[in-house]
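Okay, so here's just one chain, in structure tokens, the form predicted alone.
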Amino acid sequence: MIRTISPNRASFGRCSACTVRSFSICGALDQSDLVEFERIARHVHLAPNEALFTAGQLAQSVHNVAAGVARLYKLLPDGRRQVVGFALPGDFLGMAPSDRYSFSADAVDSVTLCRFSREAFTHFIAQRPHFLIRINEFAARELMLAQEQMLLLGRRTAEEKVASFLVGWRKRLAHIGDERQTIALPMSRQDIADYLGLTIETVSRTLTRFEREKMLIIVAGGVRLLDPGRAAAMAAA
């Protein structure tokens, strides 16, 4: 069950202390804007696999991810699932071009978000043109990620797809300050397969092959790259 926390006097200042603000949309706001931004926010907590919104649902809210990883996907007419992306802390979700969401989103692990009603958010933007520039930057980044996934789903071998996913995911984690040697993979092998257009068996075999060839080590909760140069070369192929 989604838990929503309304702002109160004691909770104000949460935005100023937010650890992901510098790489979120709200990084463009000054202190006075943050006070108003926090006033219209609702803090939402999702349990693993809990739905945030579904494709076709009225897009009444937008969301900023504060913690955890969200899975973005579409269901194909034949019932198959295509994962279209994974949202990390700092990512912004829900600005649908129409009045309904075009994809579904749920939690991979425990997720915390800031939720804004679409009406209040639109009104907030209208009064702050500099904030709209920030949102456009995020939209451009989303377009770049979508183009990269189209390339992934194209004429690439399974090995190139998996290597590209690992390298790209590592860069995204580094962007939010996670530069550990181990690449955290909270999503399942099935999630990765549905993102890359592969079967779960192919993803598992490919990772095992990479480990056997000493390109990486499979560890609890992720992988550790031993030969990042080779992985980068495969990703660029």
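Not measured: the values here are computed from a predicted model. Residue positions are given as counts along the sequence shown, with the first one as 1.
This protein has a second form, the form predicted together with the DNA, left out of what is shown; the following refers to that one.
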**Asked** Is H45 close to the DNA in the model of the complex, meaning a heavy atom pair under 4.5 Å apart or at it?
**Response** no
**Message:** Against the DNA in the model of the complex, would E179 count as a contact residue? Criterion: heavy atoms within 4.5 Å.
**Reply:** no
**Asked** With the partner left out of view, is L198 within 4.5 angstroms of the DNA in the model of the complex by any non-hydrogen atom?
**Response** yes
**Message:** Against the DNA in the model of the complex, would A158 count as a contact residue? Criterion: heavy atoms within 4.5 Å.
**Reply:** yes
**Item:** in the model of the complex, segment of 198-206, 56-64, 29-37, 165-173 with a heavy atom within 4.5 Å of the DNA
**Value:** 198-206
**Message:** Can you list, in sequence order, the residues from 171-197 that come within 4.5 Å of the DNA in the model of the complex, counting heavy atoms only?
**Reply:** S188, R189, Q190, G197
